[in-house]
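So here's one chain in two forms, each on its own in structure tokens, numbered structure 1 and structure 2.
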Structure 1
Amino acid sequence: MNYLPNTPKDREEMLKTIGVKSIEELFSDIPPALRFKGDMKLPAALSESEVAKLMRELAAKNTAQDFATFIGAGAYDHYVPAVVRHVLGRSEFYTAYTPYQPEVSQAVLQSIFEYQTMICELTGMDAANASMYDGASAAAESVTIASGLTRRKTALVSRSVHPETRGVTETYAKGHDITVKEVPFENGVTSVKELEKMLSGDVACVVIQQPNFFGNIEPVDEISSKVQAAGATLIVQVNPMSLGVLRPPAEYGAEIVVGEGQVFGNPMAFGGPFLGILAVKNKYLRRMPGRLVGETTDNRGQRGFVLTLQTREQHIRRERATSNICSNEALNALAATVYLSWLGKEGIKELAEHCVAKAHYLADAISGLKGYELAWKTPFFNEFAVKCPVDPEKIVKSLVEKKILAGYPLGRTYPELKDHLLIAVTEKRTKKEMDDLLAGLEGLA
């Protein structure tokens, strides 16, 4: 059915029905200078079969799905099992809206509660919200949480934290009159010596990433002891997949944990939508933005779930709100929940171990190539930086022709590392794909 009037008579009847004489009168409130003049050059209308054909042709241009992907830098090519897509495709989930009415929203509320529980078990935190928009906004919100509780107005963010996270954090901080200062890195990790110099009585928090943007393992115990001595809050941004083999942040003194949950059952999908993880210790609970689902009992004593501890000012009194985020990435969080249920406790450990083993195989092999060397002799998870004998941008461009996405040139965000390439390895990468990358790198040296 066509819902638009097709003939002059149709348009005349429609205008008469709404009480105006012409299209011009209908838009009279819009200043003439802002109105489009002339005819829009639009293509002819297509039938359903023609639209379907066009969509297939456009989809076919996305050849990257057939490439061996070694790009990480915050988005990782992990396998997404069929069960995730199946559950997400159920209409009761993908059409669900905010579960304000618990009596008709128990399924959605329970799925969110299970997500929160899994995040707490992974991180060691006391509470997690129902997710944020992405990892960067979660980190930025965590800084405002810490500043609001401590009444301090300086945040120290390691320069080894993801550049986009740092950028978003600075943007958020301006609105809260928080000063953001960057802590230098040394040997691929946060400089503890420089951090100690920068800590003062006005520092609300210190933000680090574990593993950091370069894939390296930070000296978290040293950092934590310095932060705690200064009375500041330690905020840790994690790659949650690494928690299959690394210690939960709670064990080394983190009080707020954030991260990008894309690795749990969410495809890279052209850069989004992604999933922001935010988990806290109890003392920060009432300052945590977004949705929080609690477990309760109904008037018959039956187990149930309900939205709780979310201040209404986030919805209706924005000028007095501690945060203006009141929604979440519910479907992405559901994907993470299904994915973690599919993996189980041993599964996430085994998968993380696969990533570590394959990344170290490739790193050792690359460091054996003439002209290539690892940037730092620092332990890493599944991502590492390589110093290259040729321009990394040239490497990336050349290997695309071989259906290899070779990595992320670090010079794009770290000018001092313009000859370095950041390479990520997941469980999906085969030995043949890694050997093809090695051959490609060797041929360019």
Structure 2
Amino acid sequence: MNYLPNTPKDREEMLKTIGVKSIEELFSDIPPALRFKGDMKLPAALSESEVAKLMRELAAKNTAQDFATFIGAGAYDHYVPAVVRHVLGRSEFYTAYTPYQPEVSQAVLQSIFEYQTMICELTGMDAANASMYDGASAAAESVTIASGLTRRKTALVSRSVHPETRGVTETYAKGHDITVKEVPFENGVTSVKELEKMLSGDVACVVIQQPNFFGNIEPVDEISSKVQAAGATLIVQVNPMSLGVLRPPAEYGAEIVVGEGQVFGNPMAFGGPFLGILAVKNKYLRRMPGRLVGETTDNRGQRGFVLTLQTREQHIRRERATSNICSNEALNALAATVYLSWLGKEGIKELAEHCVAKAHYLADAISGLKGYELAWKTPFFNEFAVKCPVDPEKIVKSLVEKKILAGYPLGRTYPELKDHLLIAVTEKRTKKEMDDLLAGLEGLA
């Protein structure tokens, strides 16, 4: 199967117009020694129906697809409504490139403008960009922004921030000679005492996560006042769904908000494509990476939208750009926009409340099981850590048979929490699924 419309006769005519005898002649400037001879070792071409069958077979091997998942840890099993898939399936959106020609790109531009507005509303920030690769790279790039503005070279990242966010932040920091230091946690949240000790005059920013990787609510006011006193920037990574019930980070002094927008209408999809949210206070606007859409008027006096403040970007500023990002996650941002339109002002609150209520039901019930206890007494959103009487890896493995994904064993990334299982609950989890998990846990104790 290929997608070539040219007929042999077309090719002949075209070669004649070009003035060459064969297509081969068009490649004559490639040194003969470098020409690839023979056949690439790839499977032979398939018809569409064969490809369809192959893909279905591969998909079918992913048995996890119809399990009840209690794993969260940065990717959450929220329901994706049909309208999201429907709109994303419109090829006017998905077969377009970056909206460089605004006269024929108003759909993409206006939807991004709507997205930017929604993110500002949720976070309390002044400006949101059109998207980053994911929450982790958004956090990593926000550290660069803060370091650039404060001209300081140390970033403090709480150990209660997602381990992969910390990993990406460290990789990115290497290129800027920024030293990343880890702030320890205590009782499942950032240790304010330790943070205070680490806040020297060279600290550009402090990165925390709210709710944090363990699902816990951080003491944000205390953290924020220390960070502000040190003249550093507070960067908060949010689970944006939690902002249905939690106050916007701007209220407690965050100046840059990043987050993983997967929860807004994007499936778990084995980890990607996801949606990097990045929003800032005005002071950081001209250092913000990525695309930004602004409102303007056309030469007929109508409202229209364009890419704006483009001088920040690599295609203009090249080696002095704030970032190298070009392609982003626009279609995932569109999913979020459609999803948040569907959910609306009331829906996001109600959905977040369902997550909280269900998670607390399950947490209460687990802490009543013999041998199991909640790791901390700290308030949490929809995810919590449980100290288990058996190896959490064993729990996960044995519940696979019952089509339950029990949670994320924290020992994988926190040796000090070897016997802890991180459990997430979304609105999709039924009481029966939770009770099945409880029975499974009880049976293993």
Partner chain sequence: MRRLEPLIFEISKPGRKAYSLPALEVEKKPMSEYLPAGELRTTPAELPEVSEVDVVRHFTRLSQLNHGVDIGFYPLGSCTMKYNPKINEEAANLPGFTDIHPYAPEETVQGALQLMYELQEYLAEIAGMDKVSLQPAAGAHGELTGIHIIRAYHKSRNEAARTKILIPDSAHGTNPASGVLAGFQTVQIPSDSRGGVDIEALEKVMDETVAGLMLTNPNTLGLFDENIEKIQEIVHKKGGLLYYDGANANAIMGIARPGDMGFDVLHFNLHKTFSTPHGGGGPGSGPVAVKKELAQFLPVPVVEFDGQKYYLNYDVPNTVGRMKSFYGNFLVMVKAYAYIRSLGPDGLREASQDAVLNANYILRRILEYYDLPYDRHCKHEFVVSPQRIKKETGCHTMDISKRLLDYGVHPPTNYFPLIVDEAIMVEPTETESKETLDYFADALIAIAKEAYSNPEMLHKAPHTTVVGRLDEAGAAKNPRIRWQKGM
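The term rigid core refers to the most C-alpha atoms you can superpose between the two forms while keeping them within 1.5 Å. Every residue number counts along structure 1's sequence, beginning with 1. As the structure is a prediction and not an experimental result, all values here were calculated from the model.
Exercise. Only one of the two shown forms is the form predicted together with the partner chain, so please name it by number.
Key: Answer is structure 2, the other one does not fit.
Quiz item: Do you see a C-alpha shift of 2 Å or more at R35 between structure 1 and structure 2, with the core held fixed?
Solution: It does, since the R35 C-alpha is displaced 2 Å or more between structure 1 and structure 2 after the core fit.
Practice problem: Determine, after fitting the two forms on their core, whether E50 shows a C-alpha shift of 2 Å or more between structure 1 and structure 2. | Solution: After core superposition, the C-alpha of E50 moves 2 Å or more between structure 1 and structure 2.
Exercise. Classify M434 as shifted (yes) or not shifted (no) between structure 1 and structure 2, where shifted means its C-alpha moves by 2 Å or more with the rigid core superposed.
Key: No, the C-alpha position differs by under 2 Å between structure 1 and structure 2.
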